[in-house]
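Given next are two forms of a protein chain, the same chain in both, each as structure tokens and marked structure 1 or structure 2.
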Structure 1
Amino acid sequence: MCEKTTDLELRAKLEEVGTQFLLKGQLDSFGLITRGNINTTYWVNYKDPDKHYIFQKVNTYVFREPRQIMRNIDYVTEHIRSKNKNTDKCSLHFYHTADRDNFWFDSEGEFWRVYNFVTGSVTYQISSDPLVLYMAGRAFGEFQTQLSDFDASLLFETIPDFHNTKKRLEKFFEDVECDECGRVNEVRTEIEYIASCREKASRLTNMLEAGELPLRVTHNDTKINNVLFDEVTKEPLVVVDLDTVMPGLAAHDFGDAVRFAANTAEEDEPDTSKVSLDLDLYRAFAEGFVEATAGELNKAEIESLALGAFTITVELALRFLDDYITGDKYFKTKYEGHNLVRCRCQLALARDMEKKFDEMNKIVLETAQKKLKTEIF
């Protein structure tokens, strides 16, 4: 996941980036962190003094207004830092250039940023340990709670309609009609299943439009690998990847985390017989999330959480499939057909969630009752 490289051209580029961000010392070792599907991320170690950094090249095909993202990040990290005062929680620190910008465009027009690597932290791509899931639930729940008094109107919508599942579905079926790469015929089964989920997957968007669910400031990309944990205590240290912090639904954050972390397989597992929703892991995440958001989420929001998991799973399946049928322009792929494999994996998970849906709802409601000690459910 974090291969070391000795590529000289890349070394020179990273040195140039480090100089722009006024880093002291000498670049020592570096490597690519391969897990993101959008941006290109490197770990970079300096010596004299010893310091560890994350250098990131932002994908400007996906993020059309990267400057605005960095403004959002400034606001959000500042707000969280003020909440973390007098606690042992750490915050992300973005470095600045001589012009006081927290980004830099290189001569090829690539957009770079640099932040601190949190020493003593670990991330999990997948974990079968309920404690890790519980901690991740707390981390994302706390993230939302900490931003509950943040003025959402300050935030630029970095990707408009990011979790507007209804719009995603509309665009998907338009792209199916166009069939610009001639790939639609081989994926008829997947398209049919997505069509059959259309109503259920649109419910949250409809509820939001009808004012039945409130908009909050949400993270919108709650994969467990976006939480840094203390490598010894497993306590969550900080939530990273703030590119999509925007107004959204609590159910989206809950749902995306469950989709990724309570799956018994990785999100691009080609053997779909290995894919299912682990209800113990789901419960553990729900406990952490509900505990951390106690008193913030209303009854309708809590009742929407399980649906959030199904919705985001179908939404991501169709995003992967949409990318596949339109020529793999959005997500980075490691091999031909990778997006189709990802889609099939998400659809297998969605099917399993459908079977377990009553149980998923019950777990959230039981958890809420236990954690919130109320009789509203």
Structure 2
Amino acid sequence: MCEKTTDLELRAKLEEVGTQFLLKGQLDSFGLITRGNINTTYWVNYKDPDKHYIFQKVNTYVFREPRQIMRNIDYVTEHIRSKNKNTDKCSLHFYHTADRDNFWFDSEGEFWRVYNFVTGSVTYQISSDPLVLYMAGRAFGEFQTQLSDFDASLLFETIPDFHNTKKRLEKFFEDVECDECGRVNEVRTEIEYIASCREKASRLTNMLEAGELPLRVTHNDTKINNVLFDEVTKEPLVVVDLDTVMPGLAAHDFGDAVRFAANTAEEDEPDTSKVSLDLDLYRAFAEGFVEATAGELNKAEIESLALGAFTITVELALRFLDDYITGDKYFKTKYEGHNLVRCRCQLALARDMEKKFDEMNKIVLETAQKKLKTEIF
């Protein structure tokens, strides 16, 4: 994941970045962090004093409004830091320039930021350990709870209509009707299934529009590899990768984490017989998340969490299929038909979730009742 380098030109650039962010001491060692497909990330060690940082060059092709993203990050991280003040909890801190910006454009127009390196931490790409899933659920739940009193309307919408499933469905069926690549006939079964659950998959959007669910500050990329864990105790230390923090629904954050972490297969597994929802891993994540949020989420939100898992899974499936029938323009693919394989995998997971939905919902509600010590459901 980390590669040490002695590149003199890169050293000079990193020294320049450090100067802009008013870092004290002398740059000692540095290297590339190879995890991540969007931004370019380096670990950087300073001496006198001995300090460790993350330097990141942000991909402005993907993130077209980096200033607004960094404003979001500043709002969120400073709010959490104020909550963690005088505690031993870890917080992300993005350093500022002399102009009080938490970003800097270099002479080539590259966009840089610097934040603290969390020592003694480890990440997991995937895990079959229920303890790790429980801790990840707790981490994302605590992230939500710490921001429960923050006005989500102050945040820039990084990706407009990101989880507007109803709108995505409308576009999908328009593209089916158009059939610009002549691929629709080979995917009729998948289209019919998506059509059959259109109402259910649109329910969260309808509830938001009706004012039944509140907008909250949501992470929107709740994979477990975006949690730093203590490498010894597996306690969650901090949630990272905040580029997609924006207003959203608690159910979407919960659902995306479940879709990724509790699937028994990779999200592009071609053999759909291997795809299912692992209820033990689901329970572990749900217990961590609900225990951390039950005191903040309202009754409707708690009741919507299991639906969030199904909704996000269908949403991603239709995004893969939409990309396939329109010529594979959005998602990177490794081979012909990759997006179709991804779609079928997600639909297999969605079908399994439908079979297990009552149990999924029961796990959430029982955990909430146990935490709140009241029969409100």
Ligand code: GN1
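Residue 1 is the first residue of structure 1, and the numbers go on in sequence order from there. Superpose the two forms; the largest set of C-alphas matching within 1.5 Å is the rigid core. The structure presented is a predicted model; accordingly, all values stated were derived computationally and were not measured.
- Matching the description of the form predicted alone is structure 2; structure 1 comes from elsewhere.
- Superposition of the core reveals a Cα shift of less than 2 Å for residue 193 between structure 1 and structure 2.
- Once the rigid core is overlaid between structure 1 and structure 2, residue 53 counts among the residues whose Cα shifts by 2 Å or more.
- Remark: with the core as the superposition reference, the CA shift of residue 356 between structure 1 and structure 2 stays below 2 Å.
- Superposed on the rigid core, the forms differ at residue 121: its CA is offset by 4.1 Å between structure 1 and structure 2.
- Note on residue 105: its Cα is shifted 8.2 Å between structure 1 and structure 2, core used for superposition.
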